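Taking the form predicted on its own, here's one chain by itself in structure tokens.
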């Protein structure tokens, strides 16, 4: 029981903090904050799985969140009849067929080594096949995009249930992670950081500029909910139901991760993290196991991103920001304690409350300073005082993480090592 005393105290403090938020900010606002915090908690569990369990430095969290969010939008948004009635589907089908042929050509070029071709010739044939495929597919895709934007603006969605969209979001994020990890996990750890940072920017740029596919900066809304919306049940009831759903998702993910953590698989992953050479000498395939955990963690990020974007009911590619969707998640994991699932959840909930509430508190504080300064000293506040107050949230988060690194470098709930393994 003594081992869990800190957990009980900290989560009791967290419950009291949420109670204060509900009492001072109202039910509707507080429910929204809590739903978003639980979505971030799922994402933080994915990052904690990668960093805390396998030591994988992923600085492209935003990319996996964005990819998962858009995938769910594509799966669940209502069908655009104008797109299906036009020439767009046929053009995209022919483009996909040519892309498949190109992939086969690239694969065949790689296999020429088996027939006695020298390595330099096989590599040259592969590059030629890759270049030709890229040029042909790009040209066809430009034609299809112009036709789609002219006829229907964009492709729309498939109108499928939201739960299928969330599942697809995890799968797509996992597929992207597999390709990135397949290339980078056999190299030095800093290559993974560079690759994930780059892939995140590529995904965001693609989502912003592919108007025919994502509607670009014109945004997509309103997104469907997996539960009854405000029109059917009322504003607060709808948010409370959504909270029950995301909380259930969080609990299920936590229980599955805890089971894996205490299973032989989890012990093996910690052994690889702590001493890679020793694990490899015992016959463990280090790169394969790291790839597994990188994919699993990214799937959680994609699913959490999908749940978050549907709750906000609007998909805007410009809204995905490294500060909010990568740096903030890292702060959550570092504060809570990497390698501890409870720590990741605590860090996500606490940091999101601090991040969200620092804005109204800073506005109130700066407002008092302005009023008192004018009344007592005749001080005239600058016109941009409110915008400066909003920027205080970055200072508050920075101060929070600085204090944690100084006084609790392993997090407030550090990994609990068990003698049982």
Partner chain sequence: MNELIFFVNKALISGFVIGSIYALGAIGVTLVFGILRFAHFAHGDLMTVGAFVAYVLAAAAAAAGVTAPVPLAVVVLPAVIVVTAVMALGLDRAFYRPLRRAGSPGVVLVMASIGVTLMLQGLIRLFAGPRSREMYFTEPKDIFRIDIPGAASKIVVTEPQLILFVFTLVAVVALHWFLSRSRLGKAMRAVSDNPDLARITGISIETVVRATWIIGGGLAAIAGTMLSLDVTLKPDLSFNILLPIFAATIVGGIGQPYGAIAGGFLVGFSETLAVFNWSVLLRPIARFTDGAFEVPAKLAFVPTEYKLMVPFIILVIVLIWRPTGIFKGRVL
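Residue numbers count along the first chain shown, from 1. Computed from a predicted structure; not experimentally measured. Take the two forms, superpose them, and find the largest set of C-alpha atoms that agree within 1.5 Å; that set is the rigid core.
The following text describes the form predicted together with the partner chain, which does not appear among the structures shown.
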Taking heavy atoms and a 4.5 Å cut-off, does residue 387 contact the partner chain in the predicted bound form? yes
Check whether residue 330 has any heavy atom within 4.5 Å of a heavy atom of the partner chain in the predicted bound form, and answer yes or no. yes
Is residue 392 near the partner chain? Define near as a heavy atom within 4.5 Å, in the predicted bound form. yes
Is residue 132 close to the partner chain in the predicted bound form, meaning a heavy atom pair under 4.5 Å apart or at it? no
Check 82, 85 and 216: does every one of them have a heavy atom within 4.5 Å of the partner chain in the predicted bound form? no
Check each of 253, 238, 162, 199 and return the one that places a heavy atom within 4.5 angstroms of the partner chain in the predicted bound form. 199
Which residue, 9, 16, 23, 402, has a heavy atom that falls within 4.5 Å of the partner chain in the predicted bound form? 402
Of 346-354, 259-267, 312-320, 176-184, the segment with heavy atoms within 4.5 Å of the partner chain in the predicted bound form is residues 176-184
At 4.5 Å, heavy atom to heavy atom, what parts of 56-94 sit next to the partner chain in the predicted bound form? List them in sequence order, or say none. 57, 59
Indicate whether residue 10 shows a C-alpha shift of 2 Å or more between the shown form and the other one, with the rigid core used for the fit. no
After fitting the rigid core, is the C-alpha of residue 21 off by 2 Å or more between the shown form and the other one? no
For residue 355, is the CA shift between the shown form and the other one at least 2 Å following rigid-core superposition? no
Given a CA distance change of at least 3 Å, are residue 406 and residue 9 closer or farther in the predicted bound form? farther
Compare the CA separation of residue 400 and residue 9 in the predicted bound form with the one in the displayed structure, and answer closer or farther (the difference is at least 3 Å). farther
